[in-house]
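Just the one chain here, laid out as structure tokens, in the form predicted alone.
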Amino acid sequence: MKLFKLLMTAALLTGLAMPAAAQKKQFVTIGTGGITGVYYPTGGAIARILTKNEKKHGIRATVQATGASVFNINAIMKGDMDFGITQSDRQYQAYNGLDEWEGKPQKDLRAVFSLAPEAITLVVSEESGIKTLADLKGKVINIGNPGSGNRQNAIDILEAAGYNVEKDLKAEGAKAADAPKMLQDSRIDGFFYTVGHPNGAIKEATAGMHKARLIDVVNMEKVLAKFPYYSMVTIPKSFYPEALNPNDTKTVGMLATFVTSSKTPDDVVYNLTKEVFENLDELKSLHPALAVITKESMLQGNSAPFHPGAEKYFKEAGLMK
């Protein structure tokens, strides 16, 4: 009997001494994008970093392939997901009640950090005869599925170039990940895809039986002046050696951002942010598009307020006053 009491007492004391994280696991979901883009493997890397150190903080993350930016924001706001990756333009529009969120600003949206730069990429087939942005009139161009950030970016570019999207070209609404096969099957003349580079879908489009090229998206002063989240970026020719264009491609881009809700507990966001920043080399090694990330750049490109949990880590790390 005495031995039993001693064992029970020891078990209770051991339980009391256990870290809170070990006693209570917290499960979080991360919304990403299509499996051929940068979002999905990036979300997977963040989940792996968290899960690897689960004993420290008690957080286990799972990743969902989704329709990307708009879907992720809406799912987070509904409480269906905890975190998500979204383009910086969609973060801006959601928080300020623009476009899909017209008159319904998502004031509970919170920024956590930024990720890789993304480029608005226009790929066309050789057979299309398209050599510049001015050659798109009357062509069959996939601009992306309804509700996607990809589609809105394409519309911004086309309108800045003087096109009426509904009248001047035959705009298809397929998912960006489906567009390379459509191009190789000669079902479309070209497609827009906002994505980090190098990218598997763009490689598929430019390395197939039907030759293809990337088109410069230039003279975009109106877009840059109107939308603060856009900037000029370059896609190296070396990323797509089989593409017909002889030089690097100049285009418009933005940052991918990692977001959550104001309702997400501070400790969860703090621990996630801390683990990502303290394992940044592991994250950067995942994909060439992530190689340019720095701790300082991860605080840029956000228009929604930072979540208090993220701010706490930034201040501790000396990244924010």
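Every value quoted in this text rests on a predicted model; they were computed, and no experiment measured them. Position 1 is the first residue in the sequence shown; the rest follow in order.
One more form of this protein should be noted, the form predicted in complex with a small molecule, which is absent from this view; the next part is about it.
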property: Heavy atom within 4.5 Å of the small molecule in the predicted bound form - residue from Val269, Ile46, Val259, Val38; result: Val38
property: Contact residue in the predicted bound form, from Ala116, Leu109, Ile141, Val195 (heavy atom within 4.5 Å of the small molecule); result: Val195
property: Partner contact for Gly58 in the predicted bound form: the small molecule, 4.5 angstroms, heavy atom; result: no
property: Ser148, heavy atom within 4.5 angstroms of the small molecule in the predicted bound form; result: yes
property: Candidate site Gly31, Ile73 and Gln91: all three near the small molecule in the predicted bound form by heavy atom within 4.5 Å; result: no
property: Stretch in contact in the predicted bound form with the small molecule, which is absent here, among 149-157, 224-232, 74-82, 206-214 (heavy atoms within 4.5 Å); result: 149-157
